[in-house]
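Coming up is one lone chain in structure tokens, specifically the form predicted alone.
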Amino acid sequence: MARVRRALTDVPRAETPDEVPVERAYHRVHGDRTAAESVDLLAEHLADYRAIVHRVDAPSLPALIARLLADRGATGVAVPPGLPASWLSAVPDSVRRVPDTAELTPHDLDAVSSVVTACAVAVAETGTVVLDAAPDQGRRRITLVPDHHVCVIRVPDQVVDSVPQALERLDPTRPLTWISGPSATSDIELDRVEGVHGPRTLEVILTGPETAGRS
């Protein structure tokens, strides 16, 4: 603390951080990519982090979501309040919809097989998906307790190249969750364990006009 005080001796007491411009001369993006190339890079890096990546056009999205839930044997799915209704239109009624409400407890969520959400933005260079608790994503806890997370990214609109570009789209006052692959940790012997701090399985769906005919 003494070193911090000495470093601040020439700073006027009334000065605030906003009054001093900070030079940000670092590269905002590495390389020159088209929108399609950025989406390809995102898919590559998501897969590197052991996320399961799917590509589908918008009309085929409901059927894909229904198949992914069926493949997991899902009996219930957590649903954010603003999730487009059409996304779950192909999911049979036998799969219980669990709305994200204030009454929903961690114990309730622990009995839910899967969660389906949208996202705020995705970063191609890092393979990161960012959630900001918007209505189509729900509160943070619904993406932390269920063991299977299906996240839909609208491409290319929600894909940026770099973290600085992502920050420009995000509101720092919102609860932001940065996801790079399924939850995982390692002990001192580097034994990897998945599903400790969040979903064990992350499936990402890239959907949009550029994904038509690709899977």
Partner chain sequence: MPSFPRAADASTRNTQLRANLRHATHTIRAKRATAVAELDDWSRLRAAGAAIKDRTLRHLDHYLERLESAVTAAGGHVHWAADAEEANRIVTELVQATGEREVVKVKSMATQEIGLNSALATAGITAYETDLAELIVQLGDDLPSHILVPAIHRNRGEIRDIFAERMAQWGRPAPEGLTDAPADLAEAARLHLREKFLNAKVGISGANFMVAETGTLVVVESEGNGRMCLTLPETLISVVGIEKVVPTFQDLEVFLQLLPRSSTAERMNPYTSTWTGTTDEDGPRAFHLVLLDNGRTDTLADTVGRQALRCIRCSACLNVCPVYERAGGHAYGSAYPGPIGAILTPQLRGTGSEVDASLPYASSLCGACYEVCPVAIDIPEVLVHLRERVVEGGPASVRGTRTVIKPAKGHAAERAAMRAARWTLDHPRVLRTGQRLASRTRRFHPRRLPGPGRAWSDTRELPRVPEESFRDWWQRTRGESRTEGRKTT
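Numbering follows the first chain given and starts at 1. This structure is a prediction, so every number in the text was calculated from the model and none was measured.
There is also a form predicted together with the partner chain; it is not shown, and the following applies to it.
Undergrad: Counting only non-hydrogen atoms, choose the one of 87-95, 114-122, 73-81, 136-144 that falls within 4.5 Å of the partner chain in the predicted complex.
TA: Every other range fails; the passing one is 136-144.
Undergrad: According to a 4.5 angstroms non-hydrogen atom cut-off, is His45 in contact with the partner chain in the predicted complex?
TA: Yes - in the predicted complex, heavy atoms of His45 and the partner chain come within 4.5 Å of each other.
Undergrad: Does Pro156 reach the partner chain in the predicted complex if we count a contact as any heavy atom within 4.5 Å?
TA: Output for Pro156 is no: heavy atoms all beyond 4.5 Å of the partner chain.
Undergrad: Is Ser60 near the partner chain? Define near as a heavy atom within 4.5 Å, in the predicted complex.
TA: Close contact is absent here: in the predicted complex, Ser60 is far from the partner chain, nothing within 4.5 Å, heavy atoms only.
Undergrad: Give a yes or no for Ile179: in the predicted complex, does one of its heavy atoms lie within 4.5 Å of a heavy atom belonging to the partner chain?
TA: Yes, Ile179 sits close enough to the partner chain in the predicted complex that at least one of its heavy atoms falls within 4.5 Å.
Undergrad: Could you list the residues in 99-130 that come within 4.5 Å of the partner chain in the predicted complex, counting only heavy atoms and keeping sequence order?
TA: Sequence-ordered list: Ala102, Pro106, His107, Asp110, Glu125, Thr126, Thr128.
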